[in-house]
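Just one chain is shown here, as structure tokens, and it is the form predicted on its own.
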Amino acid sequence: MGLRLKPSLSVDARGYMCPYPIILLSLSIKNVDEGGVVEVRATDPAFERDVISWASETGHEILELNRSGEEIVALIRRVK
């Protein structure tokens, strides 16, 4: 079993639908230092696709993206 990164900040976006999980992530990532990790927990089925697009557009790095039942958990490293 691998070591799990400890996020600098956790965002609970469960129960929110598009575009709110990405908006919460966008606002939250500004509150961590470069290299910091934000964990987002969401239940919006579109979040998985949306966070991949968002990271590609913003240059931040997705470290983990997992789905367990209805919950999606993403770990994103702030690159800039």
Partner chain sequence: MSSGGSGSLAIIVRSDNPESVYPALIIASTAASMGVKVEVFFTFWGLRVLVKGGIESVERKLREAIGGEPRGIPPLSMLLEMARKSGVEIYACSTTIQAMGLNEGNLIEGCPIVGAATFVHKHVSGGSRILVF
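Residue numbers count along the first chain shown, from 1. Owing to the predicted nature of the structure, the values given are computational and were not obtained by experimental measurement.
Although not depicted, the form predicted in complex with the partner chain is the subject of the following passage.
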| Taking the shortest heavy atom distance, is residue 64 within 4.5 Å of the partner chain in the model of the complex? | no
| query | Is residue 9 a contact residue for the partner chain in the model of the complex, using a 4.5 Å heavy atom cut-off? | reply | no
| Exercise: residue 71 in contact with the partner chain in the model of the complex, heavy atom 4.5 Å | no
| Using heavy atoms and a 4.5 Å limit, would one call residue 26 a contact residue for the partner chain in the model of the complex? | yes
| message | Where, within 5-40, is there a heavy atom within 4.5 Å of the partner chain in the model of the complex? Residue list please. | response | 15, 16, 17, 18, 19, 20, 22, 23, 26, 27, 30
